[in-house]
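This document starts with one chain, in the form predicted on its own, laid out as C-alpha cells.
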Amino acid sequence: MKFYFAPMEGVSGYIYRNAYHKYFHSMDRYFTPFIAPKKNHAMSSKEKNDVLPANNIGMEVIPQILTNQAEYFLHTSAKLAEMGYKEVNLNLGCPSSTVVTKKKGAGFLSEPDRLEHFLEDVVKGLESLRLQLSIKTRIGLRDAEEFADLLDLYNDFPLTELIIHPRLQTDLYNNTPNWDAFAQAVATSKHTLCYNGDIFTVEAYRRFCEAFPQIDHVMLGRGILRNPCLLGQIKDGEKVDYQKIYAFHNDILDGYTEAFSGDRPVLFKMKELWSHMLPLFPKGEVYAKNIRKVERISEYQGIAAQLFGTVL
C-alpha cells in the first residue's frame, strides 16, 4: 500500500510536513495545500515558501493548484517545473463556499463542459512543460449521479492517478463517504485510483481494505492530524507515542515562531493544531478552554507542558 498525505489548507504546510516526516512513518507522497493563482500569476510568499525545494528535503512533494483558468494553471505549473517538480495536482475537491461560488474546487464540477475544455488546454500545455497531471476530486456537487459523467470525462485524459474523496460538495465533511460511488470508479475508471476519506483508525483502514482489496493507494488527512502515530499503527502495530508527539509539537511551535512575527499568528496556528489533536489526550477537554484563551507563547508553553505531563 502507498500512503499519501492530504493537502489541507492552513494546516499541512511545510512546517507541519517537515516535523511529521522527522518523527513519524514517512508518507510515500505529500500533497501541498492548494496554490491559488492570481491574475498577475505571482505566488504569494506563503505559497512559494511551501513549495521551495529547500523546505521539502527528503520528501516527494506534489504541489496542488486550485483554479478554473487554464492560463493561470499553466503559468503556475511552469514555475513549479523550474523548481524541479515533475507532477502537479488539480484541486476539484475543496468544498468551501467561498471557493465553490467562484466555480473553483468542487464548484468546478458543476460545469463539466467548461472543465473538459480546461483539461484539454492544461494537458496540452503540461506536455510542453514535461509535467504530469493528477486530480483530486469529489463525486459531484449535489447528487451522486453526477459522478458517472465525471468519470467518463476523466477517462478522456492522461492522468497519473485520480484521488477520490467520495463525498458531494454539499456534504462538506458531514455524512459518510459514499463507497458505492467509489466502487463505481473502481469498475469504470481507466486510471490508478487513490482513496481519501474518514480513515481515522486502524479499524477504519482495515474495513476499507476488506471492501476494496484491489486499491493500493490511500490518502490520509484528518486522521493524521488527529493522531500523528496513525500510519505507524497501521503499518507496524505501534502504540501512540506521546513522547514523539511532544517533540513533534515543539518542532512545529519553533517553526511557526521563526516564520511568523508576534505571538498571535503563532498561537492561531497552534490552536488550530489542537482543534484536531485534543481528543487523542484522555484529559484533553480539561485543557481545551485554557488553550483557546491563551494569548502569550510563554503561557501557552506552560499549558502544553501540563497537558503532555498527563500522558508522559
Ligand SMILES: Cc1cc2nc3c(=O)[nH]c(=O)nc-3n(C[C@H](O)[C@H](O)[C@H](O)COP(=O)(O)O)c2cc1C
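Note that the structure is a prediction, hence the values are computed from the model and not measured. Each residue number is its position in the shown sequence, starting from 1.
Although not depicted, the form predicted in complex with the named molecule is the subject of the following passage.
Although the partner is absent here, Leu193 lies well away from the named molecule in the predicted complex, with no heavy atom inside 4.5 Å. Residue contact check for Arg142: none of its heavy atoms lie within 4.5 Å of the named molecule in the predicted complex. The named molecule in the predicted complex is not approached by Thr76, whose heavy atoms all lie more than 4.5 angstroms from it.
With a 4.5 Å cutoff on heavy atoms, Val11 counts as touching the named molecule in the predicted complex.
Listed stretches are 247 to 255, 32 to 40, 46 to 54, 279 to 287; the contact stretch with the named molecule in the predicted complex is 32 to 40, by a heavy atom cutoff of 4.5 Å. Contact with the named molecule in the predicted complex, judged by any heavy atom within 4.5 Å, is made by just one of Lys235, Arg114, Lys103, Arg222: Arg222. Among the residues Phe157, Trp179, Phe212, Phe200, the one placing a heavy atom within 4.5 Å of the named molecule in the predicted complex is Phe200. Contact annotation for 165 to 181: residues with any non-hydrogen atom within 4.5 angstroms of the named molecule in the predicted complex are His165, Tyr173, listed in sequence order.
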